[in-house]
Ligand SMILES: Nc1ncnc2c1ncn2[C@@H]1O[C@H](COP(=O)(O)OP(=O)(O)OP(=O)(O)O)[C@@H](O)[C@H]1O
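Shown below, as structure tokens, is a lone chain in the form predicted alone; questions about how it binds or moves come after it.
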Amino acid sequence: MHLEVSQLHKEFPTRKGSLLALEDINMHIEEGEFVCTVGASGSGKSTLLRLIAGLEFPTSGEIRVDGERVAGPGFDRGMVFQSYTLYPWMNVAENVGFGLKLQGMSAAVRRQRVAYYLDVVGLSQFAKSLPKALSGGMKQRVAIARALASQPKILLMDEPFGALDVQTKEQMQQFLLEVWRCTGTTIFMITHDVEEAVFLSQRIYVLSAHPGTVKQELKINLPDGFTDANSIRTSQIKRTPTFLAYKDQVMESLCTSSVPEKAMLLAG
């Protein structure tokens, strides 16, 4: 899998004229990577993800997955939103299998695929439960299982843990790393949480704001010795000097990228 974003611009019409949301975005994501993009409000990070998902269309530039130009939504790109977007009248298994049914997959194969991904996210015992019986973290696990069930080339995540409390959020971050290791799925996630981005990702793209541009690309190399029995990062790594240095570096990049905007406001 290779995703390439080239010279991407996105403008939106407004009553006062055209609003440039993204300008000259260039990035790539490779097979099996976990990549995060961080940016302040107004950096266009959600717009970027929607463009990659095919839910929006660029003003200029292009997005390609394995050489094929993105021209709309596709099963090669799974999507997980901040809101859980589950169908309340369907049970957990039906929610996970909904996309497979749309693809025309037979009921027998669908049941097998759903059972596998419910096991991956640890919700097999809740297969017959309705979403209203689940906690926020469990609902997001169902949403992740549904996205994974179609076996996309890349999983796109739009601040998936933003609505969760701090403790559940940390648990879900650990869970996502376990899913990533277990399935080998390529993941591209956007977040405003710098600590989350450093903890989860192998590379980070930092977006400036108004318009969104790639301010920095940062490769994350965290120290060994802070992993569990499955070689997955644990939260203890967040207290290491290396982790804190990465966090400071991203924060500094975000702060300097907003200086021109602040200066303009002060001048006005």
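Just so you know, these numbers come straight off a predicted model, no measurement behind them. Residue positions are given as counts along the sequence shown, with the first one as 1.
Heads up, the form predicted in complex with this ligand isn't pictured, but that's what we're talking about next.
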- Close approach of Val250 to this ligand in the predicted complex, 4.5 Å, heavy atom: no
- Query: At the 4.5 Å heavy atom threshold, is Ile204 in contact with this ligand in the predicted complex?
  - Reply: no
- If you check in the predicted complex, is Ser60 within 4.5 Å of this ligand, heavy atoms only? no
- So, in the predicted complex, is Leu19 in contact with this ligand at a 4.5 angstroms heavy atom limit? yes
- Heavy atom contact within 4.5 Å of this ligand in the predicted complex, the stretch among 195-203, 25-33, 65-73, 42-50: 42-50
- Message: Could you pull out the residues of 154-182 that have any heavy atom within 4.5 Å of this ligand in the predicted complex?
- Response: Glu159
